[in-house]
Ligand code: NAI
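Before any questions on how it binds or moves, here is one chain, the form predicted alone, in structure tokens.
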Amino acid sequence: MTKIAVAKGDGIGPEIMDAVLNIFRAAEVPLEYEFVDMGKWVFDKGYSNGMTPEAQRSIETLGILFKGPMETPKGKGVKSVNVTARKTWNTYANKRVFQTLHGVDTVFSKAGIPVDITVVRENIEDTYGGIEHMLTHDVALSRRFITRPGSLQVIKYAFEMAKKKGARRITCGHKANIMKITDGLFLDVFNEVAKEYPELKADDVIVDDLCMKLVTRPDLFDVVVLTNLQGDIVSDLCAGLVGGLGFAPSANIGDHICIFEAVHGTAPDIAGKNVANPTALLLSGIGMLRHLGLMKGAALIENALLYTLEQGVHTGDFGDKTKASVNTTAFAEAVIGNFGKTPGLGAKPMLPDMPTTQTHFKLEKNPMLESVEMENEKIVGVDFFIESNEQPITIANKCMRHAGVKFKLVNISNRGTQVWPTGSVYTNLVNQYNVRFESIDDFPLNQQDVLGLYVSMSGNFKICSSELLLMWGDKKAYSLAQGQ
């Protein structure tokens, strides 16, 4: 008997979780449940991460969390409990499976175009670090972190999953044509890993083109792997292809802890009315059963669900409006009543159970992810982000007085567009510039040199932020301004 942690969630969470667990019990799935306290009411009691210490200990001991949708209080300066949970336990791969469900009408099902797409979204990095600052009263900055080890974790998982799935294609969605360093790094890692899987067709698509292709020919795609923010957007787009978030399961996979959840919200407007659709959470639970090796129960429940949908049983949010809808409890009872029945389309094979042996990790220290540095690093300059409402030529004249014998001013940009030494008077400016200094004649620099320039520059300007300009071997580790 496997024991897992269960958090029922907020809003409709308790109703749909009870429905799903009733289905599991009726199917005699060999699971035990330890209910843990997470969600809005835990925030309200003063726990800023949305979970009690006892809940965190239980989840870290058991290694599996099955959770309902959760609300983050608005306007209280606290982070989303959903994002916090994924990041705290390093569930680096968010797997979402989108399949045509017969009985759930969409544009594509009516056209006879099958959809079977698995989106793997990086789950830890990108703008979801939530590291933001106001640099001036007009300018906000969000830092976007993409790392080689983090990219490698999720991309390696995506390829392994695609191989086991028998996928015909794996695609990297990205914006490396614009974000050449961050998305460029993600794409580089994808291409490196692809060489280890010659049996898989691996390609890449710019994310805006990917979205256009998904809504015109979704049947061309199989497995798609993306960075965090782009993956969030594309996965919701894919949910729309199969009927909405009510049919979108989600698994958050880590090396030590995994979280299975529905991706839809708490729907407070219908909470407590017993009318919510439990399908997404049930599909997430079926994915959890397969993850745990409980193949018989997973197939029994999924076939019953597919048969139920084929028969036109539906909650109020979908289905044939000429047929009366059923409530949450009745939908679950219909699934239970259809145990042993096989859908006409998409039936799942009854495979033998392959229960996994739960491995309980007790880590003594935080794992450090670091790749091998292949080239020597050197400092070749610095970017200072300064506050000023002066014209570029005025700023340039002041900056050049501080350059000294080691630095030269090479560029000034505003919102990423070069405004000095060349530019256009038609470029609108805000009160925050990036001034770039590089070393003269490749003179070797160190951090003390940069700090000396910082101190000198601070006599004329408020320096909001700064970044070292680095090179590894002959490769620049920084971007150029538009027009530079």
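Note that residue numbering follows the sequence shown and begins at 1. All values reported here derive from a predicted model rather than from experimental measurement.
Another form, the form predicted together with the named molecule, is not on view; read the next lines as being about it.
The closest heavy atom approach of Lys95 to the named molecule in the predicted complex falls outside 4.5 Å. Taking the partner from elsewhere, Asn82 is found to have a heavy atom lying within 4.5 Å of the named molecule in the predicted complex.
At a distance threshold of 4.5 angstroms between non-hydrogen atoms, Asn277 is in contact with the named molecule in the predicted complex. In the predicted complex, the named molecule sits within 4.5 Å of a heavy atom belonging to Arg86.
Stretch 254 to 262 is the contacting one of 196 to 204, 399 to 407, 140 to 148, 254 to 262, since its residues have non-hydrogen atoms within 4.5 Å of the named molecule in the predicted complex. Checked against the named molecule in the predicted complex, the candidates Pro114, Pro268, Gly312, Gly337 yield a single residue with a heavy atom inside 4.5 Å, and that residue is Pro268. Proximity to the named molecule in the predicted complex, defined as a heavy atom within 4.5 Å, holds among Glu333, Asp383, Glu71, Glu387 only for Glu71.
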